[in-house]
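A lone chain, given as C-alpha cells: the form predicted on its own.
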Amino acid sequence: MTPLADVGRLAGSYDLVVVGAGPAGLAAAAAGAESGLATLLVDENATPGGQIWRAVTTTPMKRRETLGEDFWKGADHVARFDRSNAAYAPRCTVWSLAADARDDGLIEIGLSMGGKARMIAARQTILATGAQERPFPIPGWTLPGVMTAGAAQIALKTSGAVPDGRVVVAGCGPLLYLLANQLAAAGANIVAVLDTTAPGALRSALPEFGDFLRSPYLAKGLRLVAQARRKLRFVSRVTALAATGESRLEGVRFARGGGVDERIACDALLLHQGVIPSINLSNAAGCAHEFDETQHCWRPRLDDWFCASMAGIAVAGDGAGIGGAESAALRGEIAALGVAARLGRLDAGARDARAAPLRAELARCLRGRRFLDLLYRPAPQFLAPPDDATIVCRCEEVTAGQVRDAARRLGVTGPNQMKAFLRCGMGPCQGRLCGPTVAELIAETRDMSLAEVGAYRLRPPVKPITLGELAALPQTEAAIRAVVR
C-alpha cells in the first residue's frame, strides 16, 4: 500500500470506494481488494486507524499500557490493509457523493486533496464515517481551555501531548473512564472526574442487565471502572455544570442533585457525553435515516448487508449505529462481502458462508450494548441546555434562548426552518456540532418527539472547499453537475 500524494494519481473510476480509514473502513477496503475489486480507501487523516486506532503506526506513546491493549489491536488491521492491493488516499476529503447523478449508474464522488478537487466514479461505495462526540453545550464551553475528550485523545495519540495544569474530566459513558485512565497514565494531573450519568439511569437499564452479564464488555468495563476509581477523584450525581472564567477557563461550577453549587479550579476541562453516528455524508447523499430511541440519535436505514436506501451506497461501522471498534470492523467486512456479491465476484452461497461466522461474532460483540446505551443516555438538561445564554451553534454564535424563542414565537418546528431564521447549521461544520442540540430545543419547546422534529437536510459540499479547489476541477459534465447541484 503506497499512499497517493495528489488527486492526479487517482483513477477515474473504481469498483469500490470506501470513505473513512477507521476499523470499518480498513476491514471493508481490505476485504474488497482481497475479493478482486479495484478498491480505493479515502480518509482525511494522514495515517489509517480512525479515531479509536488513531496514529497506531506512528504514535509516540510506545508504552502499551498507556493507551491499552485494545488500541494496539489496530496495528493488525492496518497491516492487513497494507498487504492488500487497495489504493489509499490519505489527507483526502470527500465533499460530494451522489448516487443518482449519472445515467450509467455509477456513483459520483467529489474529492479534495492537496488543494485540488477531482471527480471520480464508483460502482459501489461503503461509507465508514464512524462516530462523533455528542454535542455537550454548557455555559462557558467556548472558553479557551475547554475541549472535548475526543480532542484530548487525538492530541495524546498523535503527539503524546497531555493538557497542562489541573484537568477536570466531565460527562458520562464508558469512554469517560477510558480517557481518564489514558491521560492519567500519560502523566496528566486529573483533579476530578465529574460524572453526569442521569439519576435513575441504572433503573431503566436493569432489564437489559442479563445480556450485559454475558457480554464481552463486562470484565473489560469493570476493570476499567475499578482502575479509574482507584486512582482518581470521582464526583457522582452531577446535575448541573458550567465552565467559568473571563478570557479563558479558570474553573468548573457544578451541582449534585438539588444541592448548592460547588467549584473546582482547573486549567483544562474535557467534556464528553457519548458518541453518535456521523451521518452528514449519508444524509447529503439522500439516504433515508431513522431515529434510534435507544441510542438517542439518527442513523441510516439499512438492510442486512448494510445497504442504504440509495442504490450503490452501504454504511458500515459506528456510522451505521454505535457498537464499538470490534463490531465496526465486522460490519465493514460483511458490507464488503455484500459489495463483492453485487458486483459478481462472489455468488450468494459463498457470500453467505463467509458472512455467517462474522455475523455470529458481531452478535457476540453487540450483546449487552443496549444496557450501556440506556445506562449512559445523557440527562435531558445536558441535551437541551436550560440556560438561554448558552451558545449551541458555535459557528454562527446562536444561543439556546434564540432557538427557543424562534420555536415559540415564530412557530419553527424543525432544524431546516431554524436554519433559515438563525443561520444555525450553515457554518463550516454544516450542523455536526449544533444539529442534535437544536433539535432537542425545538422538541422541548414545541412538545414534539425528535423523530417529528427531524434533522438538517444537507447538500454538497458537505465539507468546506475553496473556490480555488473548485476552479481546479476539470471541465467535465460530472464536475459541472457537482458544482451546480
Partner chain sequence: MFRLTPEGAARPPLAFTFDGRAMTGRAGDTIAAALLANGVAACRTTPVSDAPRAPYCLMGACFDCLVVVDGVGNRQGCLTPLEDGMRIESQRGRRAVAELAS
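These numbers come from a predicted model, not from an experiment. Numbering follows the first chain given and starts at 1.
Heads up, the form predicted in complex with its partner chain isn't pictured, but that's what we're talking about next.
Colleague: Which residue, Leu106, Ala205, Cys395, Val78, is the contact with its partner chain in the model of the complex, using a 4.5 Å heavy atom cutoff?
Modeller: By the 4.5 Å criterion, the partner-contacting residue is Cys395.
Colleague: Which residue, Ala155, Ala350, Val235, Val225, has a heavy atom that falls within 4.5 Å of its partner chain in the model of the complex?
Modeller: Of Ala155, Ala350, Val235, Val225, the residue with a heavy atom within 4.5 Å of its partner chain in the model of the complex is Ala155.
Colleague: To test your reading of this chain, name the stretch in 339 to 347, 141 to 149, 372 to 380, 288 to 296 whose heavy atoms come within 4.5 Å of its partner chain in the model of the complex.
Modeller: Stretch with heavy atoms near the partner: 141 to 149.
Colleague: Verify the contact flag for Gly173: yes if a non-hydrogen atom of it lies within 4.5 Å of a non-hydrogen atom of its partner chain in the model of the complex, no if not.
Modeller: Close contact is absent here: in the model of the complex, Gly173 is far from its partner chain, nothing within 4.5 Å, heavy atoms only.
Colleague: Give a yes or no for Arg91: in the model of the complex, does one of its heavy atoms lie within 4.5 Å of a heavy atom belonging to its partner chain?
Modeller: The answer is yes: Arg91 has a heavy atom within 4.5 Å of its partner chain.
Colleague: Is Ser159 a contact residue for its partner chain in the model of the complex, using a 4.5 Å heavy atom cut-off?
Modeller: Heavy-atom contact with its partner chain at 4.5 Å: present for Ser159.
Colleague: Does its partner chain come within 4.5 Å of any heavy atom of Asn416 in the model of the complex?
Modeller: Contact check for Asn416: no, nothing within 4.5 Å of its partner chain in the model of the complex.
Colleague: Within 4.5 Å of its partner chain in the model of the complex, do Leu10, Ala308 and Arg359 each have at least one heavy atom?
Modeller: None of them does, since no heavy atom lies within 4.5 Å of the partner.
Colleague: Using a 4.5 Å heavy atom cutoff, which residues in 427 to 449 contact its partner chain in the model of the complex? It's fine if the answer is none.
Modeller: In sequence order, Pro428, Cys429, Arg432, Leu433 come within 4.5 Å of the partner.
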